[in-house]
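One chain comes next, on its own, written as structure tokens: the form predicted alone.
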Amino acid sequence: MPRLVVVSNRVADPRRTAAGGLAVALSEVLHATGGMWFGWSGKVIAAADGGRPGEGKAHRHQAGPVKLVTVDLSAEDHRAYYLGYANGVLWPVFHYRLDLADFDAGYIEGYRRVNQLFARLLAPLLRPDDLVWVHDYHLMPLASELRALGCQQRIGFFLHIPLPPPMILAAIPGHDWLVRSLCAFDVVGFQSETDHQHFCGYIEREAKAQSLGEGRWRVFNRTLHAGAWPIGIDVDELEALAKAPEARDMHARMQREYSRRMLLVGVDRLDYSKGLPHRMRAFRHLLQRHPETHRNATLVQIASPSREDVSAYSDILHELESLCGSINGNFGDLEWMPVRYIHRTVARPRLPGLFRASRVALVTPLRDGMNLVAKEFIVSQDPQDPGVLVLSRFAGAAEQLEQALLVNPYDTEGTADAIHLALQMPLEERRARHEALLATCKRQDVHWWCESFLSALRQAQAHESGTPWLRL
């Protein structure tokens, strides 16, 4: 069996389930193949400490049979590659927010420089038959940099965030270089069929790619396989968490505290893509139009801190706090606050208990690659008395979770009506919807996602050695 080499911006120890969904998904195959995980260490080294742009040493650690290889970044590389281009250009554009992208700061050179650094340090560690799986928008040029160094291994890429339509993608200066670099991979995966079609539309229009059928394209004198592989969750792991003491205690506490109320829940990172102010305005509209919800419905909104040193995040924090305060001030009384706003991270083992105690989950991003909170809510429910998922049609999860109540988060009135419908939904309908949603989550879980993508990568032809791949 070929060794799996995973490359991502950050490296996680696959022995620790708390490391996150990606580590859980890849743990089995990494252990089985004696694999390697390569990426940034998370450390920023000042110039005085020897940290110079484009330079770094590989640090090797052993995690059981898995090798972890990490690289420190200089302060300049971190500023340009991570804060600047990845999160200041690609993140907003890929979430359709051209107005927030900083195109003029010259970050692209730092982005290219770090990808070249990764390639230079990774290439000597690769074996000829390795399968290399690169993750997310930080490392889109990595395959082209590896090809330029002569690497001929099968290399796959998975984009965890959305890909915008061709006309939005084309707003990025150097978009042609970015997508041509992406075409150096053998397999390119997306969260949704919508994102996949955006990619196909771009390469067909801009690069004159020729469709070979079954997701295969001839582009830039080589063959590429593109497709949608929606990521799932580890259903067994989440079900075990739901039975653990922390989740059971949270469930019991929420039931006691809200025994006379219907509980709604939202769990998000504080990010402008999540549509939190839009959600609060819809909840306010619900309270205005349906007085029977007063003293009867409470929204628990968890908004975990995220990049609060960036002005866009500071702005949305202040807007969200203002809306929550306004709703509580206008509708609440001494015995009831409509919104319980929590601006901190809640430990993951407690979340299944909170989800299980909630009648409705609000997952209403303005744009999202997938959104696993929606799936975690479904799996956490009591099948005999399940809650209802209100889901944005602009989340990648909406393609799979058709039995949720799908909403347009920009439509305040329509979202409020959907929330009211969810609160009033009879038990029989809730059970039927939940049964179908749970079956989808189990059928296309995180292990299905991992194996189906790697199967496509194994079947891909090795890189065509006669095809030069030059840095543009």
Ligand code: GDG
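Numbers follow the displayed sequence, beginning with 1. Quick caveat: nothing in here was measured; it's all calculated off a predicted structure.
Same protein, other form: the form predicted together with the ligand, not shown, and the subject of what follows.
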Query - Per-stretch contact check against the ligand in the model of the complex, the hit in 244-252, 278-286, 297-305, 174-182 (non-hydrogen atom, 4.5 angstroms) - result: 297-305
Query raised in the report: Is the ligand close enough to 267, 344 and 370 in the model of the complex that each of the three has a heavy atom within 4.5 Å of it?
Result: yes
Query raised in the report: residue 145 near the ligand in the model of the complex, any heavy atom under 4.5 Å?
Result: no
Query raised in the report: Should residue 161 be counted as a contact of the ligand in the model of the complex, where contact means heavy atoms within 4.5 Å?
Result: yes
Requested in this report: Answer for residue 351 alone: is it within 4.5 Å of the ligand in the model of the complex, judged on heavy atom distances?
Outcome: yes
Query raised in the report: Does the 4.5 Å heavy atom contact test between residue 188 and the ligand in the model of the complex come out positive?
Result: no
**Report entry** Of 91, 220, 331, 313, the one that lies within 4.5 Å of the ligand in the model of the complex (heavy atoms)
**Finding:** 91
Query raised in the report: Taking the ligand in the model of the complex as the reference, which of 389, 357, 231, 224 has a non-hydrogen atom within 4.5 Å?
Result: 231
